[in-house]
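There is one chain below, alone, in structure tokens, taken in the form predicted alone.
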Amino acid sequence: MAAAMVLLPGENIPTERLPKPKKGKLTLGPGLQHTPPSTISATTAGSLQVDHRKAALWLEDAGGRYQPSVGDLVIAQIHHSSVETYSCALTPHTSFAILGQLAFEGVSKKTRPQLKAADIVYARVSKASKWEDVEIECFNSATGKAEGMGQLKGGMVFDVRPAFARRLMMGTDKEGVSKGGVVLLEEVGGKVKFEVAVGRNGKVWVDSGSVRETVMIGQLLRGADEGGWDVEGQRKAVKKALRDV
């Protein structure tokens, strides 16, 4: 396995580091830009990450900060509203993202949700640029469906590193093995019923209907993130936590 490559703004990615897509198209994530005909360079400092199966590559911010990218699923908190939009916080260090009051499935001016400050939504980044406000939406504009996005009611939000959030969102392979090496949620889910939403911006919303169980799940996630637990370590921690709950 090749060692991680750290890039500075303006540096180009060597051709040998690029994945070889089956359909001839690469997917670029946060921190990278394409300059025709074939140059891919960094727009920020970070560690190069490559998913060869999806022919995708991106940079993990060297300081662990989240950089919005189109298509990212995020958990946002309403800060304030205007006549047509909500201003939402994604992280403490980024500018507010703009959420249209009609950017929900099947709503009109009369039926749009009445969100207030501190409410939480699960959304997708629809526009991200250095020179303009980030925009998010709570539905898939291509299908018109919410697809799990919208207001998140109840529960609690826990902060993790964006890199850990990405691992949580990687899912499993055909054999059911976690591609991100995180099995906490699956292990807890075998004993406790709960809902979860993971934001690429390093936020995880959890609601089990029980404050005690919800806090336990959040503590497990933060422990795995900060402690770097391997799969076996995660399973042991879950067993202990379930005994103590």
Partner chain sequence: MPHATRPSTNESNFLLSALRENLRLDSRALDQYRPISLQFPSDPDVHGQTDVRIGKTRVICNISCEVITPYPDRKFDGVFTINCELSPLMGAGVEVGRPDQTEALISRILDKSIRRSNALDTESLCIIAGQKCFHVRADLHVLDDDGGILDACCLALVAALQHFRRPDYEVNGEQVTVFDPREREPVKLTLQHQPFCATTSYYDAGTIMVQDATLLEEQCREGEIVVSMNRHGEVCQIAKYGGVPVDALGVLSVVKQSWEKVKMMDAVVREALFKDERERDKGGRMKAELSAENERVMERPVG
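Positions refer to the first chain, counted from 1. This structure is a prediction, so every number in the text was calculated from the model and none was measured.
Omitted from view is the form predicted together with its partner chain, to which the following refers.
Undergrad: Pick from 122-130, 106-114, 136-144, 152-160: which stretch has a heavy atom within 4.5 Å of its partner chain in the model of the complex?
TA: Heavy-atom contact with the partner occurs in 152-160.
Undergrad: Is Q67 close to its partner chain in the model of the complex, meaning a heavy atom pair under 4.5 Å apart or at it?
TA: No - in the model of the complex, heavy atoms of Q67 and its partner chain never come within 4.5 Å of each other.
Undergrad: Taking any heavy atom pair closer than or equal to 4.5 Å as contact, tell me whether T172 reaches its partner chain in the model of the complex.
TA: No.
Undergrad: Does R212 reach its partner chain in the model of the complex if we count a contact as any heavy atom within 4.5 Å?
TA: Answer yes; at least one heavy atom of R212 falls within 4.5 Å of its partner chain in the model of the complex.
Undergrad: Evaluate T94 for contact with its partner chain in the model of the complex, applying a 4.5 angstroms cut-off between non-hydrogen atoms, and reply yes or no.
TA: Because a heavy atom of T94 falls inside 4.5 Å of its partner chain in the model of the complex, the answer is yes.
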